[in-house]
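Before any questions on binding or motion, here is one chain by itself as structure tokens, the form predicted on its own.
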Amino acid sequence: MAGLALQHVTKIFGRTTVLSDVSLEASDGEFVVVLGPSGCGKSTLLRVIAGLEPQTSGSVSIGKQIVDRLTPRDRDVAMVFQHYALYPHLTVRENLAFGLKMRKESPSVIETQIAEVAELLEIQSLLNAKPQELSGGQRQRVAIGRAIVRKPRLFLFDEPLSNLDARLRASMRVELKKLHRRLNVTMVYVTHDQIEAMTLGEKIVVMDHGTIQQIGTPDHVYHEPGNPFVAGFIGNPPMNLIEGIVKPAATHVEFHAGALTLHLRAQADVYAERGILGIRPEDVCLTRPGTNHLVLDGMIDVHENLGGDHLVYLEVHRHRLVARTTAETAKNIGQSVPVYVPEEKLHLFINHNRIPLKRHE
């Protein structure tokens, strides 16, 4: 096993800065997910770690060794790509053995390690098949097996489930989670899919435009997003965000957004300036939740039935809010309803930073 550390890594292509001052750590055996939209620099970051792209500045360490001057082969990492990259003319057994033969391992070692990996991934019956005879999920298992069979210090995954259908992606997420638990090896997994990030990651690194926006556990980045980008990117549907003006008052701050005015108890000194107020859809209630809530006037605009859950799109003081609710609390389109917002569930952002709100005692 080996941990990973990036210190102030920057990557510039021509006049374009793809990575800007990126620093992060993964401890031994940790599953780290790098999450962000297309073009945010996450795949370039993975290539820098692997040594496929030299960084413009900064350093990369694997274990206790700085690997900046090492070739990809000498870094002892294994990558699994979005495209399976299997040799079509070779059988599964030969694909698994290819890297070991290049490293000049003995035939007995090769056979032993192939047998171990085949049992781990439950692909024993596929060893004599060729890639074109396999399903997408089976090909991805073989691609993962080809990485595992080398027993590297570090695993790098570049959106490995993107080509699979939704049902198979869900199944493979479970398998990857079990695989990490069995191997207990450091893994860095790149994806734009927040569900993959939330279900797989022990630590999530949220990126946008080549910079790290927030690092934390799945619960932390979901319940305490550090800025509006993280708040709006994580969650399905994403967090409701309303832009307005924040003004200080004697015992609270006032949030004004058109006809909407709310009194908030903030923990930090604020001045009259622009801000963003956010609340998760599951925290927007159509029935009275208890004490310490704000009551707003709303009208139901759209109602989506998701089976177990319902999404209710509301017009509240000319602002759009989405509520995730149950069938029992879903209402009719066009109906005027009271909208209850628990104060402790609100998020306030000023200058792109989260401002804690006081809880009622």
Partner chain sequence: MTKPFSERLVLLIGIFVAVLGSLFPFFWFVMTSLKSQIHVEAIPPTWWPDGSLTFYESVLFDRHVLTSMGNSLIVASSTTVIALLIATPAAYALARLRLSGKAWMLGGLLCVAMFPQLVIAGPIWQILKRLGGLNTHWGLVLPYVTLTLPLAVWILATFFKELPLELEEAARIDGCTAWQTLSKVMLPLAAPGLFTAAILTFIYAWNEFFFALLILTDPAKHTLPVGIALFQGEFTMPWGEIAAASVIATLPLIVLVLLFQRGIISGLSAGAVKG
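Residue numbers count along the first chain shown, from 1. Treat the numbers as computed from the prediction; the structure is a model and nothing was measured.
Separately, the form predicted in complex with the partner chain exists; it is not shown, and the next lines address it.
The partner is not drawn, yet in the predicted bound form one stretch among 120 to 128, 102 to 110, 192 to 200, 273 to 281 has residues with heavy atoms inside 4.5 Å of the partner chain: 102 to 110. In the predicted bound form, Ala50 approaches the partner chain with a heavy atom inside 4.5 Å. In the predicted bound form, the partner chain sits within 4.5 Å of a heavy atom of Pro88. In the predicted bound form, the partner chain sits beyond 4.5 Å of every heavy atom of Thr261. With a 4.5 Å cutoff on heavy atoms, Gln82 counts as touching the partner chain in the predicted bound form. Judged against the partner chain in the predicted bound form with a 4.5 angstroms heavy atom cut-off, the residues Arg73, Phe98 and Gln132 are in contact without exception. Only one of His256, His209, Arg150, Arg93 comes within 4.5 Å of the partner chain in the predicted bound form through a heavy atom, and that residue is Arg150. Think of it this way: in the predicted bound form, the partner chain has a heavy atom of just one of Ala78, Met187, Met172, Ile234 within 4.5 Å, and the residue is Ala78. Although the partner chain is not shown here, in the predicted bound form the stretch 134 to 172 places heavy atoms of Arg139, Arg146, Arg150, Asn163 within 4.5 Å of it, in sequence order.
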